[in-house]
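Before any questions on binding or motion, here is one chain by itself as structure tokens, the form predicted on its own.
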Amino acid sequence: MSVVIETQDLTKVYKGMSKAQDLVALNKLNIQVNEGEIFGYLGPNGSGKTTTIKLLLSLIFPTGGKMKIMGNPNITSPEVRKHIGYLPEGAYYPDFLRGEEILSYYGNLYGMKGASLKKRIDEVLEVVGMTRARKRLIRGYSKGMRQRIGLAQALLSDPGILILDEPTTGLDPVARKEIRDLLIQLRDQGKSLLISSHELLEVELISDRVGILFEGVLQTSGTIDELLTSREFSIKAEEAAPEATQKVREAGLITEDAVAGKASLRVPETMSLYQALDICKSQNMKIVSVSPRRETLEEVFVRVVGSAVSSKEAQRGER
């Protein structure tokens, strides 16, 4: 599997009035995005995600380190840039234009013209499900439709790499599902996607690998399976009388739900599964199912960022 985006010790410092006021937006960032994968790029506000995107798009320039796109270190060259499609957060389009007019305008910027441009516009509108709305004014589009037109714009040149900044933020559940399905479809077609987002559940559902950034430093990265470890077990039980549920709770099991004689219990890391089952059986509970409980990406995010915050505060305390 080839690497399509790579940074090596990428650093960006925004200069202040004095050295003490310099802002280190990125500090020796090393990430890789592989061909044909979705890479979820996460971090709190101000962590450096947008700075990374601007650097990859050559909108700003690094203080130090290196970047490669498609193996080429000259990322400003037209040969490299034609392989990249970009959807900014909250993309704005003049609302007096029609969907197809927006795409025609961007197509001209790409140097596309005539019949070939019309054919490509037809293709991308079909891909994003906007063929029927192509002649409607942008002002009549919902936010989800605007996102779809933005994706169509990013796909016009048929790039192999898509950089998407908050592609599902602010959308209703149906629109999020539709955009999510579309991104998976693009990945399955062989495109590589770098997605910056605060929608952790959305990222968890579609990403192959994830990186978590905090104050310009990459805290962790890996596949979803590597990061979301199965650390606990869940037990579902029936014939769970209120007093029996109370007893297993006192014995150390965590009650997530208990109603009408049914209980959902969580086994903490400090207790073995066999011990937990024996506790339930001692209270004459009927075990219905046992399953590993995997961390959510949100739990991983909070844990990783919380650890980074604690470490930073400890360092300040030592000074």
Partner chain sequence: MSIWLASNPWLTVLYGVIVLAIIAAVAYYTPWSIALFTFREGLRKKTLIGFLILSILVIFGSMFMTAMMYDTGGTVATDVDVKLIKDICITAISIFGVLIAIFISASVVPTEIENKVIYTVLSKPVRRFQYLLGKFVGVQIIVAVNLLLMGVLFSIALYIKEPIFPRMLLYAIFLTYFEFLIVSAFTFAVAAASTSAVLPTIAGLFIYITGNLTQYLESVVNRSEVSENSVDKGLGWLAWVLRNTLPDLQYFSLKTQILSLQINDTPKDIQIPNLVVYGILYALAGYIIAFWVFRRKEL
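Computed from a predicted structure; not experimentally measured. Numbering follows the first chain given and starts at 1.
Not pictured, yet referred to below: the form predicted in complex with its partner chain.
Although the partner is absent here, Lys54 is a contact residue: one of its heavy atoms lies within 4.5 angstroms of its partner chain in the model of the complex. In the model of the complex, its partner chain sits within 4.5 Å of a heavy atom belonging to Leu109.
Taking the partner from the other structure, its partner chain in the model of the complex has a heavy atom within 4.5 Å of a heavy atom of Arg139. Within this chain, Gln153 lines the site of its partner chain in the model of the complex, having a heavy atom no more than 4.5 Å away. For the options Leu273, Ile254, Leu59, Val288, the one in contact with its partner chain in the model of the complex, meaning a heavy atom within 4.5 Å, is Leu59. When its partner chain is considered in the model of the complex, only one residue from Gly90, Gly71, Gly222, Gly190 comes within 4.5 Å through any heavy atom, namely Gly90. Although its partner chain is omitted here, in the model of the complex all of Lys12, Leu97 and Glu101 have a heavy atom within 4.5 Å of it. With its partner chain left out of view, the stretch that reaches within 4.5 Å of it through heavy atoms in the model of the complex is, among 82 to 90, 194 to 202, 176 to 184, 239 to 247, 82 to 90.
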